[in-house]
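To begin, one chain is listed below as C-alpha cells, in the form predicted alone.
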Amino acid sequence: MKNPTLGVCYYPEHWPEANWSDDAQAMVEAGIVWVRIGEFAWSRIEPQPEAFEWEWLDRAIEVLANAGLKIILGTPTATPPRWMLDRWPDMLACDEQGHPRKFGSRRHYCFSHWGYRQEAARITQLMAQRYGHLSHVSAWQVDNEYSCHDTVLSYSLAAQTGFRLWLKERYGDITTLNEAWGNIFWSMEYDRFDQIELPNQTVTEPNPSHVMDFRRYSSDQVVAFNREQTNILKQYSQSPLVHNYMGRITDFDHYEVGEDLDIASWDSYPLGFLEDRIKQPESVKQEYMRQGDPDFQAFHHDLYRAVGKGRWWVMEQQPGPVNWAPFNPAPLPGMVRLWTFEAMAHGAEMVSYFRWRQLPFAQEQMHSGLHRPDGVPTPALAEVKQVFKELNSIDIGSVVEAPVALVFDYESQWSWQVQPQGYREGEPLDYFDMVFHYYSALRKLGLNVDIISPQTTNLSAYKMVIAPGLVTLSKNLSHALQTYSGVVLCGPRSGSKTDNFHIPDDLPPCWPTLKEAGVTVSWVESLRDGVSIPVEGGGHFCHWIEQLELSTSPKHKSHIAINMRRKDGNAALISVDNVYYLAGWPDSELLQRCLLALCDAADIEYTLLPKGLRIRDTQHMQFLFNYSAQPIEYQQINIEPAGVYWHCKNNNN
C-alpha cells in the first residue's frame, strides 16, 4: 500500500488569475498532490440561465494540472445561483415552523423539489460532459456537506407531496398505514394518503411512528439526490466519486449514500467541534481547547471508513482558527501535524486542508487557511511541509482489523430523537452521545475499534461486538449474531422498538439470545441530572436505568448470569452465554469496569493509557498521540504536547 497523500481546497474564482500559477507551484513545493475546486462556483459557470462561462474554469484546471496536481472537481449544487430562485420560487426548504429558508448563504434547496433536482442533474451532466474525459480530473465531489445548517428535514409543500407518495409506496393502502402507526390512538386514523401532513406544528407531540417515517423519507431524498448525480458522472468519467460528510451529522443514513460512492470523506474541525458539537464539561473544553477532544476525530475516521467500505479521505482539515464556533482558538503548535497523522493511522488515503488562503471577504473571512489573506504562510503550512517530509521516510501501512466492533446506526439516532424519554444537562438523551461514550472508553484502553453498519452480515473477524442503544435489530445483524461466538455487549434500549416504532408485544429486549432465555425489560426510568444509582464494586448508572425481569421457568434452558448488581440488589449487568446486557447508562467508572471484564472474557489485550494519550496500530506501525497540553511519559517514551511518536512493529526503530 502506498503512503497517504496531501491535498488542499482552492477557489480560483476568488483570486486574480495571475496568482493561479504561483499558487499551484507553491502547493506542489509544499508536498500537496490533490486540489479541490469548483463546488461553490455555479454563478460563475452559469451567471444567467443557459448562458455559460466555462473558459475560466478550463484555464484553472489547465494551470493546476500543468503544475502536476490532481484535481477533485465538485458539482456546484450546494450553491444554486440567485436566478434559480426566480425560476423555481418554491425550491426553498422550510423550517419546522413552515417558514422558507432564504437566499443569501448556501444550501438553500429542498431535497424533495423535483424542479431543483432536475437543475442539479442538468449542471452535473454538463460538467461531466466537459471534464469527465480529462485524466487530471482525478476525482469528483458530489455536492457539499449534505445536512450542513440543518437542511435535510424540510417542511415544504414539495416535501409534503413527496412524503405522501413515499407512504403510499411503502404501505400500499391506508388501512395498513393506520395499523402500522397505531392511529386508533387519539382518533388519528386517515381515510386517504392525501390527508396526511408533515409531523410539525401539531398541538402536542406528533405520533412517533409518523415522525420516524418522515425521518426515513427525508433520508431517502438525500440518497436519491446523490444517486442522480453519481449515475450521471459514472457515464462520463472513470474517476472515483466522493462526498464530504461532516462531524456529528445524523439526519440521513450515510451508509446508504455511501453505496453510490467510491470514497467517503469528511470535514474535520477538531477545535470547532469541541466548542460546538460535543457534550463535555467546561473544564474538559478548557483543557483541550487547543487540541480538540482526543476521540471525536478518531470516531469519525472509523465511522467514515465503514461508510466508504474501506476507502476514505479527510476533505477539509482544520489548519487554524475557524469562524463558526462559539469560541475559535488557534491549535497548539504541532496539532495540525498530529491530526494529519492520526487520520492516516486510521486509514485515510488523503488529508486535505481547508483552505489554501484565507479569504478577506464574505462569511468565512475569519476562517484561517494555510496562508493569510495577504499570502503570507500561517504556522500550519510548516507543519504540512513537515508531514510531507516525514511521509517520505516511513511506511504507515494499511489498517488492521480491530478486535472490537462498535455498531453505529442512524435510525437508532432518529428513534432516540423522536422519543428521548429524558434529558441530560438540559438536552434530550442522545444515541450518538451514548455510542461515543463507549468509543472513548475503548480508546482509553489503547484499543483499535472498527465501527460497523447495523446491516453487517459477518462478525467473524471480531473478538467483541458492542451495540449500545441499538433500538431496532436488523434481520442481517440478528442473523450474524446468532452464529457469532465472540463476546456481545448490548443495552440499554437495545431491541426496544419494532420497525413501526411500537413496543414489542413480548417486551424488550428483542435480542435473540436474551429473549430465548427469558430476559425482559419490565420498566425503564430516566433520572435527573445529579441523580445516580450506585453499582456494587464501583461506578453508577446515570440518566437512564432499566429494571430487568429474569425468567426461572424450565422452558428457558439457557442460564442467566448476574455479573453485576446495583446496590439495591437489582441486576446491572447480566449475561446469557456470550451475550451481555447492561441495564442503564453507565458513568465512566462503571463502563470501564464492564469493558475490562468483557475484554478479559474475549481474550483482548488492553492498556490503561495516561490521560490524553491515544494509540493506533496499523499493519506496520504503532502510533502514539499526545492530546495533552503537557508532556506524557509512557513506557519510557517522552511525548511532547501535541506530539506524535511512532515505531515500526518489525524492528522497533
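The numbering used is simple: start at 1 and walk along the sequence shown. Predicted model, so just to flag it, every value in this text is computed and none were measured.
Form predicted in complex with a small molecule: not shown, discussed below.
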### Message
Taking the small molecule in the predicted complex, would 255, 409 and 474 all count as contacting it (heavy atom within 4.5 Å)?
### Response
no
Contact label in the predicted complex: residue 40 to the small molecule, heavy atom within 4.5 Å | yes
request  = Indicate whether the small molecule has at least one heavy atom within 4.5 Å of a heavy atom of residue 395 in the predicted complex.
outcome  = no
Though only this chain appears here, would residue 244 touch the small molecule in the predicted complex if you measure heavy atom gaps against 4.5 Å?
yes
| request: Would you please decide whether residue 354 lies within 4.5 angstroms of the small molecule in the predicted complex, comparing each non-hydrogen atom pair? | output: yes
Only one of 80-88, 498-506, 361-369, 545-553 sits within 4.5 Å of the small molecule in the predicted complex by heavy atom distance, namely 361-369
Exactly one of 523, 324, 114, 190 comes within 4.5 Å of the small molecule in the predicted complex through a heavy atom, and that residue is 324
As a check of understanding, the residue in 383, 342, 316, 302 with any heavy atom within 4.5 Å of the small molecule in the predicted complex should be identified as 316
